[in-house]
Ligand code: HEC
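The chain that follows stands alone, in the form predicted on its own, written as structure tokens.
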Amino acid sequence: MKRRLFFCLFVLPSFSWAQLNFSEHIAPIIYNKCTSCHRAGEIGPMPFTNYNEVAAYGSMISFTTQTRVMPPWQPDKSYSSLLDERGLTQQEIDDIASWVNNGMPQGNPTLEPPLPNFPTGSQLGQPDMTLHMSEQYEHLGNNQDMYRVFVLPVNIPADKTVKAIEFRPGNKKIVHHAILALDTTGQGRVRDQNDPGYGYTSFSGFGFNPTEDTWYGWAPGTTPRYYPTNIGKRLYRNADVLVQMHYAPYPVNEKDSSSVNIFFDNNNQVTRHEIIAPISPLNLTNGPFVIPANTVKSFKGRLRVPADVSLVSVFPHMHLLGQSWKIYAVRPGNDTVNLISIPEWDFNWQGFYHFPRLVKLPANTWIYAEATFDNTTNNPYNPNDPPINVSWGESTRDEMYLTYVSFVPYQAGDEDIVLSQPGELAIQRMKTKMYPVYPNPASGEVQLGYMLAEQGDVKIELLDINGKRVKYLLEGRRYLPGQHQLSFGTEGLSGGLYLIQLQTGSQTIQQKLIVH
């Protein structure tokens, strides 16, 4: 019996290996799952845009995919679903390993698929405004952290509503993460003027309380995206955008000039503005936040929701002692909602994690954030050898317990609006579509959501069952790519079956609606 099993295991893989080549089997995996980051100007340290580039790192690709280090995705998919989930199927991992073990044959180059049409520069299209650092900042190569704040004047004639923000790091060698704030007080400018050189040093926030102290955040792995449906952020005409840049320790001097792309709500769709709240050591139920040397210690904090809200995203943050996160909500009545679990924290990959649907949390819900830290010699990333007592601090050698939750005031029907399916919104795979209308059947107001793959004129009509127009729901207006939403009433319509028809460019999409 053992001999037969060994024979089968030996013969079948060697047969499948002979069928695998780069052009037909491996290129589709790499181009769709890896090249978005591994190409010129993006975060991947080496490009994977053709056979020679991939084959040169074949063994490394096989190892990192088998160990699931790549593509990087730390949250536990069995705990909750999130947008932009990255990962390979087991079959894809096995195919890469088999191809590498069989000598990485190229196959017929004419059968290789073309590269996806990746955006250059901005990942979201043409921004309405780009704020640039006015000078290059030189980060000293002394292997020390630097937190430097740069003041970027807005200079717009009137307040604006923003549909998307995209931070573009200038030098990925040293830019570890960035926190953006809005300042209408002018205090940021004063601090800049009083600090020699470009910008000012601040290892604790921005050094004062700006108008909005967590306007946006970026860390490696953050996927830029438009805010969902009718949600956005404010940008004031007399504001400065403050960028607190964390420059990581580096052995030689390096210069950086980063920028911020801003996309406005040009069609006046936004009716709700995002709010961001922190869960920090001030919220701990088992503080103070001190991690003694040679211990593994867990902390638990909580935040009470004072009114009905719809949760949009969550952003957990810790440093090198961090081991895991588990964040969940407990509604009144002890109904638990899993938000995110990161069982193996990786300091190099973090960011805002968005939910496929808005998550309704009624008033008096508690949001809990549990985090574990390993301050022992068993932690290979422990920056202190031997371990020392560690508490809160901005330096990488210090530690943080911090989770940002973003939400908007709740509106009826929020929990029934599907924003997207997990993993669906990678820019190269975005498709124009209509989401299911709600409610259906309908006897009052109807909510209609849709996605645009690219900017274009949109016309939406309500048709009767014979295809005759009953009325325009939206007539020839231009919209940016991303998610959009409109509502309309069924008052005055006879009961029966109708068609909702969306037209943009050469595409026509229809959906049925039953009116009582």
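Start at 1 with the first residue shown and count on from there. These numbers were taken from a predicted model, which means no experiment stands behind them.
Below: the form predicted together with the named molecule, not depicted.
When the named molecule is considered in the model of the complex, Ile465 lies well away from it, no heavy atom lying within 4.5 Å.
Taking non-hydrogen atoms only, Ala40 never approaches the named molecule to within 4.5 angstroms in the model of the complex. Using a 4.5 Å cutoff between non-hydrogen atoms, Met60 counts as a contact of the named molecule in the model of the complex. Proximity of Arg86 to the named molecule in the model of the complex: non-hydrogen atoms within 4.5 Å are present. Checking 466-474, 445-453, 485-493, 46-54 against the named molecule in the model of the complex, the stretch whose residues place heavy atoms within 4.5 Å of it is 46-54. Out of the listed residues Tyr198, Tyr328, Trp349, Trp392, Trp349 is the one that sits within 4.5 Å of the named molecule in the model of the complex by at least one heavy atom. If you check the named molecule in the model of the complex, you find no heavy atom from any of His139, Gln144 and Val175 within 4.5 Å.
Taking the named molecule as positioned in the model of the complex, the residues of 53-90 that bring a heavy atom within 4.5 Å of it are, in sequence order, Met60, Ile61, Thr64, Thr65, Met70, Pro71, Pro72, Arg86, Leu88.
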